[in-house]
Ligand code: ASP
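Next up: just one chain, as structure tokens, the form predicted on its own.
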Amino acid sequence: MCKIFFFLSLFVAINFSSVLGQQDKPIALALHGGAGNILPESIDKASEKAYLSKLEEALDAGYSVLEAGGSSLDAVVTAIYILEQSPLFNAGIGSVLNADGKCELDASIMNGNNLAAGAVAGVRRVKSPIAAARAVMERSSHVMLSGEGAELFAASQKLEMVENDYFYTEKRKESLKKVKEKEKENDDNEGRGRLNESNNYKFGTVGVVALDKNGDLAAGTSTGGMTNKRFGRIGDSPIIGAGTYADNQTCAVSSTGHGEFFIRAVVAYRIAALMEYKGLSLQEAADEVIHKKLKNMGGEGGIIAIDKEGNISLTFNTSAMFRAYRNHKGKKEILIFGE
């Protein structure tokens, strides 16, 4: 009887300790809504309030998933979907228009627990690109699907499909018109004309990184790409290692900026690699990549990242990055300007 009581007590103690250990594990979430060289005076108070409010809404929704014991993947998709449904950002509704006046959307997601990943590129009719990216990861044997094939897959998975004009906004139509006018002025026949050559431009890509109670990291990114893009151009957002990366052993990263540079520098993975192979901290690795490697190449933009301990980095080399975070200590900030 004593032996039975002893082993029962030991079993209860071990399981109670396990529960306490799980409760002690940190949770954290960070998100971005694009980076750019934006002047504070260029955003009126009403617009600034709208941006901050939407960032906070997405942050709170994603963090609530983590608080309830939900997975980092669920938190990432929940927060990104809110941003995709807001015309304030260049993702989902409010995506920029390509040279043909159409919206072409990209997204990717990665699970740090097993390095599984999924992405879609150049889709025009998928309501939520981040949901489609997750479906590719979890319900197919592939990592990236593009164009019509990605749409056929999304439809086969019963994801909501819409007409392309569902994503249109007057603001984006006006932006395309301005870029095309500039293109004519510069006699640019190669499709290089773009708004980010001005001094007041924002890459409106959205992204989220999260750490859940199980210690699992996840990252996701969603975008409409670049205004006036042509020839089927695809940026860094759907490319694992460039726009998105997550590994439980190091960190989760989502990028925003001029995609061609982020692809060439393999920005998201490079940060994780510096941590794994050189022993750098998350912030040290982010600074090395964003303020040195990327900047020396002429690339502009930034990243959000979380490491396996719940440390957060919001690093950018532009004048602003729309960003928000909440850590396991309850600290919460929603910011636009300043590092």
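What you are looking at is a predicted structure, and each value in this text was computed from that prediction instead of being measured. A residue's number is simply how far along the shown sequence it sits, counting from 1.
Keep in mind that the form predicted together with aspartic acid (ASP) is not shown, yet the notes after this line are about it.
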| field | 4.5 Å heavy atom contact, Ser237 to aspartic acid (ASP) in the predicted bound form | value | yes
| query | Going by a heavy atom distance of 4.5 Å, is Pro129 a contact of aspartic acid (ASP) in the predicted bound form? | reply | no
| query | Do Met226 and aspartic acid (ASP) share at least one heavy atom pair within 4.5 Å in the predicted bound form? | reply | yes
| request: Give a yes/no on whether Gly259 approaches aspartic acid (ASP) to within 4.5 Å in the predicted bound form, heavy atoms considered. | output: yes
| task | Please name which of the stretches 178 to 186, 217 to 225, 108 to 116, 149 to 157 has residues with heavy atoms lying within 4.5 Å of aspartic acid (ASP) in the predicted bound form. | result | 217 to 225
| message | Residue by residue through 110 to 130, which ones have a non-hydrogen atom no more than 4.5 angstroms from aspartic acid (ASP) in the predicted bound form? | response | none
